[in-house]
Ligand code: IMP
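Single chain ahead, by itself, as structure tokens, in the form predicted on its own.
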């Protein structure tokens, strides 16, 4: 059984569109979310922690809105910025820009306790937080991630959808959906089925499902 680590059951329903019936279930587990400037190490660290908790294969995702002329802001800090500034304030910041290109990005991290053969998709084999915590003199190779010298490998799958920031439109979706326009519609205006078909998470899930089916 594959466990999708999330507090949002909507993510699990989206994953069910790409995976065999009954093959995935939600795991409501609040793993420690590290601070990083990229999505991949955040998702990979969460997958390792969740695997130790579940003791079965897990999927963890991290996603964000990246605004090109703002050097990718808010990026990995999207959730914090949404909760503190709010999407209306993000729109106000972006509205003064001549270039409002942006993208939603998602990184899915899969961990099942085993290694992976090489493939076009990246594999995270280095838990930077764990290495820093262990320090140069720590010989406890069998400790949990905080002291693990050889962290569990994590397979990464990335999804990307381009668009631009616009004034809020639409009541659907959540988060930044009303201010992100793709192909003439904001995510807030799209029906759930259409949004899932083009979303960053959907594209990452499609890559994962294809790889997982061939294992």
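Numbering follows the first chain given and starts at 1. Predicted, not measured: the structure shown is a model, and the values here were computed from it.
Beyond what is shown, the protein has a form predicted in complex with the named molecule; the following relates to that form.
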The listed residue (168, 175, 69, 162) that reaches within 4.5 Å of the named molecule in the model of the complex by any heavy atom is 175
Checked 194, 11, 207, 25 for heavy atoms within 4.5 Å of the named molecule in the model of the complex; positive is 11
Residue-level question: is residue 62 within 4.5 Å of the named molecule in the model of the complex, judged on heavy atoms? yes
Original post:
How about residue 56: is it within 4.5 Å of the named molecule in the model of the complex, going by heavy atoms?
Top reply: no
ask   = Is residue 33 close to the named molecule in the model of the complex, meaning a heavy atom pair under 4.5 Å apart or at it?
value = yes
Interface membership of residue 203, the named molecule in the model of the complex, 4.5 Å heavy atom rule: no
Looking in the model of the complex, the residues of 69 to 90 with a heavy atom no more than 4.5 Å from the named molecule, listed in order, are 78, 79, 82
